[in-house]
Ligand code: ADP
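Presented as structure tokens, the chain that follows is alone, the form predicted alone.
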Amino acid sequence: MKYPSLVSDVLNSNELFDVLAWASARINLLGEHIDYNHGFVLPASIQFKTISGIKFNNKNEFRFSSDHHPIVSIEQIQKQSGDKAWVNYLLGVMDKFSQHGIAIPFFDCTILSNIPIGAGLSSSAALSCSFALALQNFLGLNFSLEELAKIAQWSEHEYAGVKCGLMDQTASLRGKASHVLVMDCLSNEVEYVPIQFLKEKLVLLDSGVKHMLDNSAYNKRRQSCEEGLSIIKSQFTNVHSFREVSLEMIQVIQNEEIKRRCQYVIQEIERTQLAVSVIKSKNIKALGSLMNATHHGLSKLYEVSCKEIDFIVEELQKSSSVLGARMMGAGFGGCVLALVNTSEFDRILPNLVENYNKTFAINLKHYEVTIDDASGCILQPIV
């Protein structure tokens, strides 16, 4: 069996685990901020992974180590703060398992990852999902991947304080190579749609910034949408979600900021549905145009972009070798996802990197994206 490169590195090392599990970073072609608004999203798992390795210990404590964070030792499952706060994504999973009446013996857990941090690739979901998959196999449980995704989501809600939708965890655990997931965020049903690039490729451009608006800005956007939908429902009794809302209906909202948020959601739901037919018809050029429209909505209506991200997108959209480009992730920094012409993109990249550095004094990193199988697990790996 061919394992992801990071998994192979661990298998070739001298470190032994009872269980080794991994989950993926994800991109989202369209549908940003739509999962918690019950629309449709188009994520795909990619080649970057987070690995959780677990082995039993007899130290009467849980010990967590990571290549990005300080070692944490705890005796009880309870929220941590300060330098230890990163383990809350894992402790929430453990707490949820315990609520099912599952006894958890003490263990050592090692976390390894090659996911660019702060790039909007859902590294937090990959962390909690890889751990959930490892822990369930360590304990001999049989939760489905759908159930594990919900457990990981619960952990983010209750232990990390991020009221995220289920898209990130679903893609992190259930993605398939060369396929986009069409996720219905009302029913959580998933359809796999093949996506084929012939003369094109997907590239991530990491802005190198993450403005410190943390979880509050994300949660505020969600609250605005909930308020807007509540106002609409009070006037239109046939409305149950944003799927039934038209642009005309949002005129009943007096608050202009909330109205803009709702306008973006309505238009993005329409774009994601259109994108599914575009992908199925292999009209990649049209997909790029939809990505451009999404960025405009994210920047001007939902207002989750920033000057660095807008600069990258605007520079990319000037070139005929770029079919589409948009901000990706929760926003306020992170990555731009670009759909580009394979043979021509490398020609414009140096100028973009140079101009970005001159403007912001930041080195612009880029990564080619491979849509890859999402997750897996090995019991007692062979070294």
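Residue numbers here begin at 1 and follow the sequence given. Just so you know, these numbers come straight off a predicted model, no measurement behind them.
Absent from the display: the form predicted together with adenosine-5'-diphosphate (ADP). The rest refers to it.
Scanning Gln153, Ser122, Thr170, Thr294 against adenosine-5'-diphosphate (ADP) in the predicted complex with a 4.5 Å heavy atom cut-off leaves one residue, Ser122. Note on contacts: among Gly288, Gly208, Pro116, Gly165, the single residue with a heavy atom within 4.5 Å of adenosine-5'-diphosphate (ADP) in the predicted complex is Pro116. Exactly one of the stretches 65-73, 350-358, 337-345, 317-325 approaches adenosine-5'-diphosphate (ADP) in the predicted complex with heavy atoms within 4.5 Å, and it is 65-73. The closest non-hydrogen atom of Tyr264 lies beyond 4.5 Å of adenosine-5'-diphosphate (ADP) in the predicted complex.
Taking the partner from elsewhere, Phe138 is found to have every heavy atom lying beyond 4.5 Å of adenosine-5'-diphosphate (ADP) in the predicted complex.
In the predicted complex, adenosine-5'-diphosphate (ADP) sits beyond 4.5 Å of every heavy atom of Phe242. Put simply, Leu127 is close to adenosine-5'-diphosphate (ADP) in the predicted complex: some heavy atom of it is within 4.5 Å. Against adenosine-5'-diphosphate (ADP) in the predicted complex, the set Tyr302, Cys306 and Phe332 makes no contact: no member has a heavy atom within 4.5 Å. For the partner-free chain shown, Trp86, Tyr89 of 79-100 come within 4.5 angstroms of adenosine-5'-diphosphate (ADP) in the predicted complex, judged by any non-hydrogen atom.
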